[in-house]
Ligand SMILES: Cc1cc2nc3c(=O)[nH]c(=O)nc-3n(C[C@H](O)[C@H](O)[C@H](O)COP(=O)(O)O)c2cc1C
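Below you will find one chain, with nothing else, as structure tokens; this is the form predicted on its own, and questions on how it binds or moves follow later.
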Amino acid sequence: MEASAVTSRLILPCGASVKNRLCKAAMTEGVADASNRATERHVTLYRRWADGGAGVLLTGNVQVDRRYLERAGNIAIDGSQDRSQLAALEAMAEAGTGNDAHLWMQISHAGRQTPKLIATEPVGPSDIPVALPGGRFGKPRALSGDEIRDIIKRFALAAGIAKQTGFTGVQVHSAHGYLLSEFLSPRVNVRDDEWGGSLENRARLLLDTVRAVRATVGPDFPVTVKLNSADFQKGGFSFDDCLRVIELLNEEGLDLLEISGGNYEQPKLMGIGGLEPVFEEKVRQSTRAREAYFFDYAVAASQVAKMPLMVTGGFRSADGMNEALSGGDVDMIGLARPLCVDANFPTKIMSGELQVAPDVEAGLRIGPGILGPNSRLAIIKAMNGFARIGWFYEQIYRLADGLDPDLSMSALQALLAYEKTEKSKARELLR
């Protein structure tokens, strides 16, 4: 592939054509209303991102069960949609498919990573809670077999509504510690029934979900999956597990597989470590794309995968993106945080106007002096993680309101704003 690899067109197995190799990766927007419906802020946000030039825009995780959200501002599709809710999704789809962009709805279930502000008792494959300080997550209840089968139907319903309302594809979220990813992890899934134990059993929920989604949307509609390369936790979902799951997915007619990694406990997706040591997976290092977190895993996965691959996490330079694509190991580049601070980042990279994204994260940390001399290191690491997340949330809010990003915002300001907004939205939701 030539030096301008990012600008080349990609034809998916289902026949859909994507205008270039850049994808706005999924980022939770948090701008749904108190009934978890799309709003004008989604319309503004996705119009700006569509105008920014990426071939594909992936939405933030649209939840398939309103009782269990990743945060209060999620869109949720769970069978209660009336005409006004469908119209709101249609408006969002129209905005996000402007400028010849694809808009794919990422469909998800938060599982045990549902905050306690939303559900004091979340659900998961087993009753193992999220091991983070601060009491943000309650102890989950293990799902029954009937509930698991209902969740599969919910994913299929959400996919059907995505197609009905004008979205051009869907992504089944099976990464980052959300429910489908939890079922894959032997550390979190300790069931002894058909949904636990062997990897084939742990992967059953993902595979049955993909089949149900494909049966609902038909053969010519892009169906994709986001999968962890690993959880990077001892006893968790490993890279060997990932390769075996890819082999199983090869038979399901996927149009794209996105390789990522980590979860709330080990947030490698954010390029940072968790409270426990990172359990590194051994994989042969590539000579290309050193800036990308998961590129080496994607290269190794490409030896197994029959579907196109996308890798997300860490890309900042035109050279790095073109290098990643040039060997043919991956087919699409996912970009997230750069589009929070510059909606036109893809166009600037493809045109040569910009060679590398500006570093806006170097100073995004809260020092121990602010938290007090007796603060434990684990608390500081957790607070820094939430502050960094909150900073990018605040930039997304500004984009959704038609404003420019505020790069002068400090980590502490972002953390305080994030906490205030999440609590306020949760109260509105509960009312």
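Numbering starts at 1 and runs along the sequence shown. Source: prediction; values computed, not measured.
Below, we refer to the form predicted in complex with this ligand, which is not included among the displayed structures.
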Can Met27 be called a contact residue for this ligand in the predicted complex at 4.5 Å between heavy atoms?
yes
Partner proximity in the predicted complex: Gln106 to this ligand, non-hydrogen atom cutoff 4.5 Å:
yes
4.5 Å heavy atom contact, Val31 and this ligand in the predicted complex:
no
Report whether the minimum heavy atom distance between Arg214 and this ligand in the predicted complex is within 4.5 Å.
no
Can you work out which of His176, Arg202, Arg154, His102 has a heavy atom no more than 4.5 Å from this ligand in the predicted complex?
His176
Scan Tyr293, Phe239, Phe221, Trp195 and let me know which has any heavy atom within 4.5 Å of this ligand in the predicted complex.
Tyr293
Heavy atoms within 4.5 Å of this ligand in the predicted complex: which of the stretches 299-307, 337-345, 154-162, 123-131 has them?
337-345
Going by heavy atoms, what in 296-325 lies within 4.5 angstroms of this ligand in the predicted complex?
Thr312, Gly313, Gly314, Arg316
